[in-house]
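We begin with a single chain expressed as structure tokens, specifically the form predicted on its own.
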């Protein structure tokens, strides 16, 4: 089954219902399907092997996603915030692609790679006006690759995660009821299009026939205003966004957010004080914590609305603690906690989280990560309690997740080691109320060199990477801890930042 069938079903059942709102423009489900079919024609004409989106969220993302599905080529949204060198390397890995987005940038950094490039406005217009070459065009049946996402890990070389139509269809059919949304239901989508949460939100809302309200660039003020203007009923945010929204509402922002009936969050660790504030600020909203990964087609565990309110109201410590849990596995997947030898652990013992189910791809373009029984090692560390609630205790690969954005410690360390006075460096995640996690760095200075000022190290990282990589905490030490095999003990480094 091809994921494009979700849009076709929605357009057939309710062609005149508004399916998308972005920048004040509205598209019905029939118009979205017309755009997707036009995009299919453009893709076919280009001869592209992939369809890449290098842009913020817009109607072009919908056309490109479903057009690629119809054409039977992978849809590959790219992180437009990447540095030129990194983005050029990713574009080279999917050449020749039909790229929707920044024409000038692609020409400058990948002009010799054979891509066909369309600016967003031209792509949207051409797709809507494209006349199919024949009424009996055959579309891809959908047994191949639907999505290719480049994931961030502990090294600077991203892996190409593969999601097949079968994985995504399994996730949607197992979690969403077709045409279940009321006509006034509106879901505010603000996560970037290159994040699995953005893709799954599109698929889920379209299958439910819910109106999608896109906010291409997040600010708490714009988010609140859009909720008011479009009478948004559902929203998904990362913890950092929720913290900023709550703080803005505390200042007395003049807007009506009473239409919000459901707020889901995920993408990073939610500080207890933030979710408690949010539950108080939105007393009538149903909160859901959704935990998932790119390789699992999104959500694999949920903490539901009743569990949030029960944990908030309870005086019992073990029930209160559930407010910081990931909830329980969804019915269509299995989850196990395993030790370093792959042995399943009992409740209460921490290890690595493994997951299995039809929605779980666990596949990379380079190789599959599934074991012989179909289990996927998430590289997340956690444990389950006696009642089946899942708790996250860290990441086995030490990725720093700041406001839902995965960061590689290695890239930060490489920049620090370029400083003539730095002999060794380590970047780790440190707790942050605002961001969930922030960057902390520990450095060792070379003998005979003066210790660089914190501001100097922060400016170096800001200049070479992005401001989100700038550390909130800096520690200078005589030596970093290593084991007898020469492995850096990051867990010991983290202790340096415990207050």
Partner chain sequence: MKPGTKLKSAVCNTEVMVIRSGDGQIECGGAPMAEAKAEGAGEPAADHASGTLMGKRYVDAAGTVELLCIKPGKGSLSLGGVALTVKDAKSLPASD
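Computed from a predicted model, the values in this text were never measured in an experiment. Residue numbers count along the first chain shown, from 1.
There is another form of the same protein, the form predicted together with the partner chain; it is not shown, and what comes next is about it.
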Among 284 to 292, 315 to 323, 344 to 352, 213 to 221, which stretch has residues with heavy atoms no more than 4.5 Å from the partner chain in the model of the complex? 284 to 292
Would residue 16 show up as a contact with the partner chain in the model of the complex if we use heavy atoms at 4.5 Å? no
Contact flag, residue 260 vs the partner chain in the model of the complex, heavy atom cut 4.5 Å: no
Would you check, heavy atoms only and a 4.5 Å threshold, whether residue 123 touches the partner chain in the model of the complex? no
Quick one: is residue 480 in contact with the partner chain in the model of the complex, heavy atoms, 4.5 Å cut-off? no
Three-residue site 178, 201 and 264 fully in contact with the partner chain in the model of the complex at 4.5 Å by heavy atom: yes
Counting non-hydrogen atoms within 4.5 angstroms of the partner chain in the model of the complex, say which of 332, 79, 88, 113 makes the cut. 332
State the residue from 376, 207, 150, 389 whose non-hydrogen atoms include one within 4.5 Å of the partner chain in the model of the complex. 207
Interface residues of 1 to 30 toward the partner chain, as seen in the model of the complex [heavy atoms, 4.5 Å]: 1, 5, 8, 9, 12, 13
